[in-house]
Structures are given as C-alpha cells and as structure tokens.
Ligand code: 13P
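First, one chain by itself in structure tokens, the form predicted alone.
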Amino acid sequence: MDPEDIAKQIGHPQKGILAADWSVGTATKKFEKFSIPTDGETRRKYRQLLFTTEGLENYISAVILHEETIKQKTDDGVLFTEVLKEKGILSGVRLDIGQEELPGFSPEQITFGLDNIRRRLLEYKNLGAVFAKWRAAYFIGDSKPAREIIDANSTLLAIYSLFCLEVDILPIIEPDVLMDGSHSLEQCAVKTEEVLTRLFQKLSDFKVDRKKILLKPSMVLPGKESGSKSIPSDVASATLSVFEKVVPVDVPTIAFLSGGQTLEEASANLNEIEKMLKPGLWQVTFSFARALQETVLEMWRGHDENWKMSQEKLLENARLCSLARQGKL
C-alpha cells in the first residue's frame, strides 16, 4: 500500500486508532495500578483481549503496537497482526525507543531510535506493519521547550519519516506538548504553535512528502497543575486556531492523542473539534491509549472471568470515540 492511501484509510470517517504501544515499563506501571501481574505472558494475554474483541473493526481503523507486541501471537499461534488484518484493521509499530533527558537541558528530552532503523523497519514490515510511530515530548515552562530541543526533535522526526517512506511505511509523527505543569490554555497555544511551526519547517527542509504522513499531536490544554479546566468549546477553539495557522492542508489526517485525559474529557474535546472544523481541511480522528484502555484494565484486573465484560467495555469506549470523531456526542 502507498503511505498516502494508508493515511486515508486510517482517517476513515467513523473510525480511529487504538494506541496499544505501551513499553514494558509503562505497561508495568499501568498493570500495577490494578494489581495485575507484569510478566510477558500477562501482557500478551491483555493484548489478545484487546485485539480479539468482536466488532472492534466497526470503530477502530488501526492499532499501534509495541516491538514486543508485533511479534506476539494468540493462544492458537496466530500473529496479532494477522488477527487485526482479518478484521480489516491496519497494524503499525512504535519505532522510537523512548526519550532521554538532554544534558544541560533537564528535564527536557530528545527521542532515540535511529540505530538499525532500516533493518527494524523491514523486520516489522515483514511482520505486517504498514505504518510506524515516533514520539517527541515537550515540557512547557520558563523558556521551555527550548528552541534547541524543538529543533533536535523536529530533525529526528523528519529523518525518521524519510526512512519510513523509503520502504512505503506511513510515518506517524507525534509532537506531544505535555499537560504536565501549571501553564494556561493560552501558554499551551503559544508553545504548540512554536513546536508545530518548526516541525513543518524541518519536514520541508528534508523534503518529506506531507501527503504521506499522519500527524498525531496533543490538543491545546491547560496544565494539570494550573488549577483551571477549560470547557470543550474553549479547547477546540484554541486547538483549531493554532492548527489552521501552521498545519498545511495537504496533511491528510490528524489523529489527536489523549495525553493523560480521561475518556470523557478526550472524547468531549474531540467532539467539539469536529463540530468546529472547517470543511475542506484535514480528516481529524483519535489515537487514544489511556482514554480507551484505562477502564478496560480496571475491569479485567488479570482475571479470565472478567474477559468478556472487559471486551464489552473496550467496545463501548471505542464506540464513544467514534461518535466524538463524527461530532455526534
């Protein structure tokens, strides 16, 4: 498949992305919250619970996998990518290997993962991946994010994209302006504009074809420690105001991440974004991890007897996101 076609398929008018690419460390923290064992077999079982949910394909067009997950199989020995393919769901893989603080810029981070990228891309493609994902995280604070951090991460995102496109893998580009901090909605808008402006400058410098990428950004939100909580119409207005200024119209699909929001918060904000979105711009959808999965984990708790109702909860969550993606909440 051509990356442009993959981006359009992911941006299906009623569907979105299930981000199931937690690292081992992140999955461990999520599991420990609900007293779930954190070994590899339990992680495999949980992913099987997600991917074998009957009817998931009605609301989910694509799933982002971790490098551990893309090699895993069902109890019957079928690769998860094959299970998803049979449902008509596209599989992709998280290609970055995480963030590290940059000396002299703490706590700001840059993302790593370019080592052996050609070999890894071909390996994952052979396992069924048609897209990849690379995340860059940005803190808001006094003089943060620094220009140097924005430049470094934007350059890495552009280089990663070129390696993906070389083998017809769609690059998902994730500039995540974090909710951590006490910043206001207005401050987040300013910093988000800076990050996205520089990102698209770097993509242009490296001659990345924008029609063959998918943007996975954060919404414009006040910081979690700010003491303020913006209503969905304010979030949508601030987010679209920034994006209309700096995101080119030839980017086919924007899939917003939930970024620590609850399902209710993320879906309500997405719903307002959809309602305010001007005709003729991008396809806008969701790429949620916590928002889709938190209540599923809470219900499952690692017990087989909770399997069916946990899948029903996932389907309920996905249906809610689908409605939000259509502006029909």
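Everything quoted here is computed from the prediction, not taken from an experiment. Numbers for residues come from their place in the sequence shown, where the first is 1.
One more form of this protein should be noted, the form predicted in complex with 1,3-dihydroxyacetonephosphate, which is absent from this view; the next part is about it.
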Contact check for Lys133, Gly259 and Ala289 against 1,3-dihydroxyacetonephosphate in the predicted complex, heavy atom at 4.5 Å: yes
4.5 angstroms heavy atom contact with 1,3-dihydroxyacetonephosphate in the predicted complex for Glu108: no
Partner contact for Ala19 in the predicted complex: 1,3-dihydroxyacetonephosphate, 4.5 angstroms, heavy atom: yes
1,3-dihydroxyacetonephosphate contact in the predicted complex: Lys212, any heavy atom under 4.5 Å: no
Residue contact check: Lys216 to 1,3-dihydroxyacetonephosphate in the predicted complex, 4.5 Å heavy atom: yes
Interface segment, criterion being heavy atoms within 4.5 Å of 1,3-dihydroxyacetonephosphate in the predicted complex, picked from 199-207, 79-87, 251-259, 110-118: 251-259
Residues of stretch 154-177 in contact with 1,3-dihydroxyacetonephosphate in the predicted complex (4.5 Å, non-hydrogen atom): Glu174
